[in-house]
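Here are two versions of the same chain, shown separately as structure tokens and labelled structure 1 and structure 2.
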Structure 1
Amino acid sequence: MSGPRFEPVRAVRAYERVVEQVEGAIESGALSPGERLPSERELMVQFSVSRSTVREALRVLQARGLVRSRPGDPNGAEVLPFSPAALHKSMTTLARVSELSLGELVQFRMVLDSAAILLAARLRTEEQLAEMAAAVERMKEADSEAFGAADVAFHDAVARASGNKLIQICTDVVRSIVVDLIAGKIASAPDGEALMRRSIGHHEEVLAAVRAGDGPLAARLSRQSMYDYYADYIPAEERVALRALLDYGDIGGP
């Protein structure tokens, strides 16, 4: 007899239901930052669960950066304001456990950097422009270890100049994961010096375009720079997607 195939049912632990309801109340605004949850005893009554279940739920909520909880606190756990650090942690976990390929991560970096540079070319202050220029100068003077820090400083300055907090957080997360994945390969590359010189040249071109307010040009140069830096570490079949971004006029329109 044929019929629909059903998937096995996963048993849901009680603490997960408690977490879901508290998360829902925070997301809907029913619970605001600074407010407190009921005490552990009151939560046990409202959810009709044991103290160990309540405490496990509070541990999960605290690990997610949603509340600050002290066992036995008669005032209950405090709802925390949104934290970029919490989002940073969540995105890092997501990227690692999802086994994203290096090609996918670099492609996303190309998109993020393009968006950041388009905005930075239009919105940057003279002070932010000076930060970018200082980072490029440090790249010229740096050894291989300090070079990476100066490169990070340049892209951080660009991300801040974009004025978009989510771009800043995503850029930081994706960059750190990519760097972790290939740090050893870059360090042992036989043409490391040439790679650094080529990267400095690209950064100088990007900086000049940002200074001139030419966002589309700066974005294209940035994508090319990233492609040149990472392409050799990415399987040939994944480079097609990266080249598709190189051929695109600017992120947000052809």
Structure 2
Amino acid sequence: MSGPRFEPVRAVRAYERVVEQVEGAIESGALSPGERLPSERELMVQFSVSRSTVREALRVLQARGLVRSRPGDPNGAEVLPFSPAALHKSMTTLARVSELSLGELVQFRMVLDSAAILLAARLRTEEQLAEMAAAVERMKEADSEAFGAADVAFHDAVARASGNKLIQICTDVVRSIVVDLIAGKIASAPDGEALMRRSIGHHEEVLAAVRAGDGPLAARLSRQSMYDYYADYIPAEERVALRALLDYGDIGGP
């Protein structure tokens, strides 16, 4: 017969229990962004642990992006509003140690971006549409530096219009990773000027499709646009997988 099923007792370190408590307070809303934690010396009394333990706990919370501490600040550590910084960090690490290829990253962007655009074509407000249009205008008049910024603004407006915060955050994170990866290369592109002009044309078409409410068309155009933009940086054998998202003629409609 099997006796009572005992749970394995994982040795839980003191600093972990401190982390759990503070984390719980933040997630439950008992501690809001902008509020301050007690000082380390105060915390060591409240938790009855040493300052080393408190500090290790704070380091973990800081690594998770929940808290920030400044030396000399008489108010103690500050509870931060959530930022995708931690997500960004772990995804960047993933990209490096897990050897994500540029192709995979771009493919991921094609999927998420086109989904965002498909949704935006349906759900966007007039305001958001105006933002996208403004970004495209800025792309036209920009030098190669401002061009990137305007491009980001466009895609960010689209992502927000999709109404899905997770899509918005993930597109943002992956985009910045891709941009970092090919940083410098874009300047040395065989024909950066032509690339920019073509990209502007693509964006205008996408914008028109969003304005018309034709999500499938907008999504298809955006995938094609991203493929064209990055294809030169991606090894030929990897491009096949990316084209699998295009070949159907239309992942977004007939």
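Residue indices: 1-based, along structure 1. Source: prediction; values computed, not measured. Here the rigid core means the biggest group of C-alpha atoms that line up within 1.5 Å when the two forms are laid on top of each other.
> So which is the form predicted in complex with the DNA here, 1 or 2?
Structure 2 is the one predicted in complex with the DNA.
> Aligning on the core only, does the CA of residue 88 end up 2 angstroms or more away between structure 1 and structure 2?
Yes, the C-alpha moves 2 Å or more.
> Establish whether a shift of 2 Å or more occurs at the C-alpha of residue 133 between structure 1 and structure 2, with the two forms superposed on the rigid core.
Residue 133: C-alpha displaced by less than 2 Å between structure 1 and structure 2.
> Following rigid core alignment, is the displacement of the residue 167 C-alpha between structure 1 and structure 2 equal to or greater than 2 angstroms?
Moves: no, less than 2 Å.
> How many angstrom apart are the two C-alpha positions of residue 50 between structure 1 and structure 2, if you fit on the rigid core?
Here residue 50 registers a C-alpha shift of 8.6 Å.
> Core overlaid, residue 65 C-alpha shift between structure 1 and structure 2, how many Å?
Taking the core as reference, the C-alpha of residue 65 is shifted 3.9 Å.
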